[in-house]
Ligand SMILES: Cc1cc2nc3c(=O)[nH]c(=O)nc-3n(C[C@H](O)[C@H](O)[C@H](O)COP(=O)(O)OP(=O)(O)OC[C@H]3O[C@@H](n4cnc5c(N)ncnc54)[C@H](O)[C@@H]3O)c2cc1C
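Coming up is one lone chain in structure tokens, specifically the form predicted on its own.
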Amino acid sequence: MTRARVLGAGVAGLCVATELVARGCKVSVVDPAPRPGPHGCSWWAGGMLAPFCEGEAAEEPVVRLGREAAGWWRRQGVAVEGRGTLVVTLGRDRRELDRFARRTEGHRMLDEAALAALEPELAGRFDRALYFPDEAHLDPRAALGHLRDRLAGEGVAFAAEPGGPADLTFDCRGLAARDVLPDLRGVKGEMAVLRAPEIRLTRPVRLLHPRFPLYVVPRGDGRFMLGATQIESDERVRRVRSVLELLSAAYALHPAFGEAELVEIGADARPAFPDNLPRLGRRGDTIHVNGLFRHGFLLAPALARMAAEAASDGTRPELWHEDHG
């Protein structure tokens, strides 16, 4: 393989293109949009590289493969904040924190004093927390732009339509690939970006709640990404109720969020297979890389590596599905 075509310039497509270029392949990327933007679900990601936290609900491969992510992004020159993750819960939901601790690894329990020392903004608000020191986060929009510009600087051609011939095509189109992968489904996520310069959280914080779970990710300059909604739907409509639930949970985490500036509200549908695990597979001269669900920035590096290895030496890597070939 010397020439490859990548369909889709979201996080999966850009990661695959990066791995192919690293192996000396001449690559072109096909996407209707000239730049990353709000048209794709990668734009609305939280950017948490949190494999241990995801293990609360995800299968074992997500935790194991996700551990590659922070190092991979750093090697590409993307700014990665390695401050870990905090998980807290309101007093009436204390059992939720115990349940989360039983289902995950890589954490330690903090008492009120240790939590206040680590994140002073939360002092006096919670009497204990789980701390996952080996997790990280990044700014997804900056990461996408960085990969795109770096690839263009290395000679990768970006176009809205396929150009010349290719030895292999890598289909990374997300939900748009349902024309050939009918078992893909959409899982909608809704999120908000707030500006609250008086709040100085330095790492992602997850608030456990039986009905309204929340994550808050600092973006710098007083901005925060709020998310956690997960709705079985491929619609991209923003619903008032979901946004109200996000904002109410944020207020419960820190009342100063009640005075925050509402900068953006977004929604998009993430591609998922029935088991919520990503898949690779080949049909003819096309390798499919899809189904990243809510783990785009966490699992795209590992999936991209596997796809490039499968193309270069013909191996069938982990997460390879015969029904895609």
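Residue numbers run from 1 along the displayed sequence. All figures in this text were calculated on a predicted structure; none of them were measured in a lab.
Here the subject shifts to the form predicted in complex with this ligand, a form of this protein not shown in this document.
Of the options Val180, Ala176, Ala116, Ala252, which one has a non-hydrogen atom that comes within 4.5 Å of this ligand in the predicted bound form?
-> By the 4.5 Å criterion, the partner-contacting residue is Ala176.
Contact residue in the predicted bound form, from Leu277, Leu65, Leu280, Val30 (heavy atom within 4.5 Å of this ligand) | Of the candidates Leu277, Leu65, Leu280, Val30, Val30 is the one lying within 4.5 Å of this ligand in the predicted bound form.
Is Phe132 close to this ligand in the predicted bound form, meaning a heavy atom pair under 4.5 Å apart or at it?
-> Close contact is absent here: in the predicted bound form, Phe132 is far from this ligand, nothing within 4.5 Å, heavy atoms only.
Any of the heavy atoms of Pro51 lying within 4.5 Å of this ligand in the predicted bound form?
-> It does not: once this ligand is placed as it appears in the predicted bound form, Pro51 has no heavy atom within 4.5 Å of it.
Lys26: heavy atom within 4.5 Å of this ligand in the predicted bound form?
-> Answer no; every heavy atom of Lys26 is more than 4.5 Å from this ligand in the predicted bound form.
Contact between Leu319 and this ligand in the predicted bound form at 4.5 Å, heavy atoms?
-> The answer is no: Leu319 has no heavy atom within 4.5 Å of this ligand.
Check, residue by residue, if Val88, Phe126 and Arg203 all come within 4.5 Å of this ligand in the predicted bound form, counting heavy atoms only.
-> Negative, none of the three is within 4.5 Å.
Choose from 257-265, 40-48, 280-288, 57-65 the stretch whose residues reach within 4.5 Å of this ligand in the predicted bound form, heavy atoms counted.
-> Flagged stretch: 40-48.
What residues, if any, in 254-283 have a non-hydrogen atom within 4.5 angstroms of this ligand in the predicted bound form?
-> Result: Asp268, Arg270, Pro271.
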